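Okay, so here's just one chain, in structure tokens, the form predicted alone.
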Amino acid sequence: MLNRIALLASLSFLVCCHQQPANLTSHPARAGSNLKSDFMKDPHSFGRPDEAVVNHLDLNITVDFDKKMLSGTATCDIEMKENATHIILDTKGLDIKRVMLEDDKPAVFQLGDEVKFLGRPLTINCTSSTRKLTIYYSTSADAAALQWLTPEQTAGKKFPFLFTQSQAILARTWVPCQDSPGIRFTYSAKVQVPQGLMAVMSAENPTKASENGMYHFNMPQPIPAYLLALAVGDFVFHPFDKRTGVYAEPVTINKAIYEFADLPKMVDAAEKLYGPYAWGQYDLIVLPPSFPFGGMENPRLTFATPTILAGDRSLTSLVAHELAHSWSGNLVTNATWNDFWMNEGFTVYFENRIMEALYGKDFDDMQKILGQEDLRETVADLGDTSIDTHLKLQLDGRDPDDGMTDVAYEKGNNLLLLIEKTIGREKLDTFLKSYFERHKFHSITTEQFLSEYKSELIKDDSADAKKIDIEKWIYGPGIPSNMVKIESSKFNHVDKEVTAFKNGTAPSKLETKSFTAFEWIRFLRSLSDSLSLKQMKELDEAFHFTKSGNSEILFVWFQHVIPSQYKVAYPSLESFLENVGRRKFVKPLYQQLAKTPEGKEMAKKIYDKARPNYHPITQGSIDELLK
């Protein structure tokens, strides 16, 4: 118990902390030290790394499926600045039982008031000589980073499953930490799970289940907290070569082996572009369908949605994207979530380059055009003057998930495409390779990149600088008029067939035999928003869209099914929404259903069944929509 003076001092400090959120560097840490001399504020963390910072985390936790709880200890190796008297960690919903210092003495600690989105700061009193502390804690049953699945919610239907999703600021819901992308630490872990289940993390991983359910992990490279990850369930491992492989439930593994067979080639192609892969092993794990994202780039172990198991390797660009994050994002990280485009825009550009190297320019051009279409739709939804269409975001006081739109991904990518077109691919590649090497295992701000862009890429070439007008892209709204126009002969053919259909040609008479998934997506996106039931029936009979095994094609098809009230496809739509938790798909479909009273009633009935299968991130989006 804090005495009155200590309590008042602590509360006074926490009030200041709430008014002036955490600090972090925009420059690499000095050699031999993780403390920062030059730093900026991170509005989404209570931590103050300029005063005290975590360098290493050692977890010792037990996974309890009955209680839906993780419990145990988090031991932090810390570095304290001279005269520092405390360290502040981020928590949200954690039950902090006690804190012990390295001399086995209890530490005085205080949990501050709850702050929207951020949780509660954990302030631990220590001295400048403190080097280690251990926090005894447990998670809450509704921890937002943890999804607990019953056996019925998995592919195999026999064993429960747990997976985490720490991005953007959810690591604090399962580990007390400094939850900022600008603070990096190494980690180790001991994880006890029920016998018969396997555990893997974003670390050096086992390839077989242990007999006693105890697993040991080590991550020797420093990572930010949002890349902490854990999955527990009934899955097996298949290696592709000495450094790549895939984990999946036994009933899914054969599909995954086929779908990801090109994984070694992807890693080789990435290395040829931008230098050595720095993380040792690169594996995938296919999660149950409730996973809310396409993929999550957890180092050494990408978490992937089963919706990319199309059976024809047509959706593996998602894997290339998550692999590219091993350089842009994981290796060189956005300093705060306001700089999110620095992670995602660079990664989309890198992803496209990998896919071009493996599958050719035609494939890549189609992917770029679809990305530009996604960007235009997102900007139209947000409004072309919205601050959320800037690359440099303004998320202070908001949930950083608000910034995770196609603006960061596709507007960022198209800025790099414009730079490439203006200065030449070779020059940009030389810069990017050096950029990844120069900043590896550190964070970077938009402003730091902009400075290097001017000094290393543009230099004194005012003509190129004027052509690009980079400040307009970064700090301005909407889509600049100088976005690169991409041409695709394959899409030109698709557009010709769409025109023929609109002019009355029967679907069965269209020239579509050579269409790939991207071409079908383009075809469906280009159709009228008000197709008649007769047209829907003819399209479905000719191309069997309702029975497609490709989730991307199904998603676009359902966007026609709903407004046309093509009831033949309703059972497929309901099944899709009940079994797929990927927010990219389910949120737009519920939004479209909710546009009419009849559709909203249908949406609520489907959601009542589907909600338990969704991740809390997805639940939050749909709860608000259907309330």
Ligand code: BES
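Note that residue numbering follows the sequence shown and begins at 1. What you see is a predicted model; the values in this text were computed from it and never measured.
The same protein has a further form, the form predicted in complex with this ligand, not shown here; the description that follows concerns it.
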Handout entry: Contact residue in the predicted complex, chosen from I444, A231, L375, M404 - any heavy atom within 4.5 Å of this ligand
Key = M404
Practice task
Could you check which residue among I521, L415, A168, L149 gets a heavy atom within 4.5 Å of this ligand in the predicted complex?
Solution key: A168
Fill in the blank from the handout: Here the chain appears without its partner; judged in the predicted complex, the stretch of 132-140, 426-434, 289-297, 257-265 with heavy atoms within 4.5 Å of this ligand is 289-297
Practice task
With heavy atoms only and a cut-off of 4.5 Å, decide whether H560 touches this ligand in the predicted complex.
Solution key: no
Problem - Partner proximity in the predicted complex: D339 to this ligand, non-hydrogen atom cutoff 4.5 Å - result: no
Handout entry: Residue contact check: K92 to this ligand in the predicted complex, 4.5 Å heavy atom
Key = no
Practice task
Flag K392 as yes or no: does it have a non-hydrogen atom within 4.5 angstroms of any non-hydrogen atom of this ligand in the predicted complex?
Solution key: no
Fill in the blank from the handout: In sequence order, the residues of 311-346 that place a heavy atom within 4.5 Å of this ligand in the predicted complex are L318, H321, E322, H325, F340, E344
